[in-house]
Every structure is written in structure tokens, then in C-alpha cells.
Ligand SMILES: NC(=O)c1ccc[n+]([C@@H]2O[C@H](COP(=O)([O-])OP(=O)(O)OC[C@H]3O[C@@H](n4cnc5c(N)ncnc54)[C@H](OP(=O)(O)O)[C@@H]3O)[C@@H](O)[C@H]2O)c1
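Take a look at this single chain, the form predicted on its own, given in C-alpha cells.
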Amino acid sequence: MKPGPIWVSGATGLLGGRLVPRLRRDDQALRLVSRSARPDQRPEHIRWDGVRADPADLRSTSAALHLSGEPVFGGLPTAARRRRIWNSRIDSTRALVEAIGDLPADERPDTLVCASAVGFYGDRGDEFLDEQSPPGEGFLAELCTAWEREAAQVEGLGVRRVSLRFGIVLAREGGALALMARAFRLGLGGRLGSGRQWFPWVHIDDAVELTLLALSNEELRGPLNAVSPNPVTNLDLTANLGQVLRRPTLLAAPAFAVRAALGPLANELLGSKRVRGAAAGAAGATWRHGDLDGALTAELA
């Protein structure tokens, strides 16, 4: 990666909250874009509307790291909210690539690392899935396919592109783990549906390191599964989480109830994705919290 600041969206999100301090410890110059930035915070903090990137803010950066997007879970799955989930990713990525293209070739970032998700694979049962597996079906599969297609357009500008297909990121600060832990502590923990569906996950510190690997390793291109090397089933997750929190796990959420609550998003919890991080392993990645019990203990014990 050439010298220069890294342009970062989503810097205050779940992953960004741990990634940005990690970059600062390495004395990495940053340009952090957010809706709440003030003019007096420049040049490190830059205001944007969540969609349109200013080419001037990308000039002479070493890389662009695009992590922002409307949370998939965290509200009613209405048609309007699904449109916001879609547009916050597709429109912003398209605008980012266009902004990079507006720069002279020698002033463009060398690399675009853009978030994606294992939802790309859809519901695939017990099939082993790696970066070469085709997309599946469903809302998130269609979203991730379109998202990655927009990001890939930057390759025509001579910019290396990596799409990070994140599993469920386990972190105490928020996201799925915080929601699950709250329910389990209230004695409401249990499996979802049959519980046999595979659950691809990654500890947040490993998600940070995989993001840094995507930024720094110039041999990595295209999709990169950001997951633990040890996927588990929903039953495994339920048992481990109950053990770490010392709470019962006798309840279960029937599949029909999950579908009634989440509509088109239900398959993201009931579907099975047995995802492996083949590209990261081949690139020499190591995982600090590769087993589920250790990851849960590190965040919740």
C-alpha cells in the first residue's frame, strides 16, 4: 500500500470502533467520513451525507475503506427499510467508485476495500462454501451480489478491490451478540428454528485483522470471507452462549415465528451457510479467537 491517508466510512460503527484505534496505534493517517463531522475537525474528520463522496477527500489517499450501511437487523423489516438497507450500500458504493474515477490516475487510491457479507451465499445447507462458490437466493444474496458488482467497477480504473464477506461479528459493543446476550440474560435464550443451520461468525478483533490484511496484502483481490475457521450450528451457538452466561437455553423460536417477525430477512437467521475463509488462510491469516467458546468468553465473561 502506497503512503498516504486511508479514507474510511463507517468509522463509528461496530467494526470501525475498534479498527480506527488500531490504525492510529500504527500511526496511520486517516480521513474519517461521517454525517456528524464538524468543519473544525478537518482534515481527519470529513462530513458526508452517507452517499456522495467528494473526490477531493479521496485525492492522494492510499486506500478507501467503505464499511458504512444501514443495519440489517434493528428495526421492522418494512419495504421502506429494506430500500434503505439496499440504497445505503449500492448507491454509496457506486458514488464512491465514481468519485475515484473523477481523480487523475496518479491521485487515486491504490485499493478499495468494501464491506459485504456471507449473506451472499443464501441458504446452502451443509455445503462447504468458499470465495469461489456462486451466489445464493434471497434478499441478502441479491444485495451482496449487487454491492460487490458496484465495488468491482473500480478495477476498470486500475484500483485493486477486495470485498470483505463478513460473518456475524461478535462484539460486546453491539450487533448480534449484544442482542442475543440480552435475551439470554433474561432467560429467553434458545435455538432458532431447527438449530441445525450453520452460523458463520468472526470475533471482532479477528475482523479487524482481516480488514488490515485486505488493505495491506496486494495479492488479495475480489471476495474475501471474513469468518472464523470454525463455523458452528445455531445449536452449538446456543449451548456455548448459555454456558458462558450461565443461563438456561430451554426455549426455542419456531421457524414460523421468526418468519412472522422478520419477513424476507428471516432466512438470514434460519438459513444455513457453512462458510470457510479459504482466501484468508491461503494469505497466511491467523485468528486470535478462532474457537467460539474463547470468542464468547473474551467478549462476555
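Because the structure is a prediction, the values reported are computed rather than measured. Numbers follow the displayed sequence, beginning with 1.
If you look for the form predicted in complex with the ligand, you will not find it shown, but the lines that follow are about it.
A.B. asks: Heavy atoms within 4.5 Å of the ligand in the predicted bound form: which stretch among 87-95, 104-112, 123-131, 190-198?
C.D. replies: It is 87-95 that comes within 4.5 Å of the partner.
A.B. asks: Considering only heavy atoms, tell me if T286 and the ligand come within 4.5 Å of each other in the predicted bound form.
C.D. replies: Flag for T286 set to no.
A.B. asks: Please check if R35 has a heavy atom lying within 4.5 Å of any heavy atom of the ligand in the predicted bound form.
C.D. replies: Within the cut-off, so yes.
A.B. asks: May I ask you to check whether T61 falls inside a 4.5 Å heavy atom distance of the ligand in the predicted bound form?
C.D. replies: T61: no contact with the ligand in the predicted bound form.
A.B. asks: Does the ligand get within 4.5 angstroms of any non-hydrogen atom of L292 in the predicted bound form?
C.D. replies: Although the ligand is absent here, L292 would stay clear of it in the predicted bound form, with no heavy atoms inside 4.5 Å.
A.B. asks: So which of A239, A253, L245, L67 reaches within 4.5 angstroms of the ligand in the predicted bound form, heavy atom to heavy atom?
C.D. replies: Filtering the options by heavy-atom distance leaves L67.
A.B. asks: Of A117, A151, V208, L215, which residue is found within 4.5 angstroms of the ligand in the predicted bound form when only non-hydrogen atoms are counted?
C.D. replies: The option sitting close enough to the partner is A117.
A.B. asks: Using the arrangement in the predicted bound form, list in sequence order the residues of 147-176 with any heavy atom within 4.5 angstroms of the ligand.
C.D. replies: Contacts from 147-176: W147, F166, G167, I168, V169.
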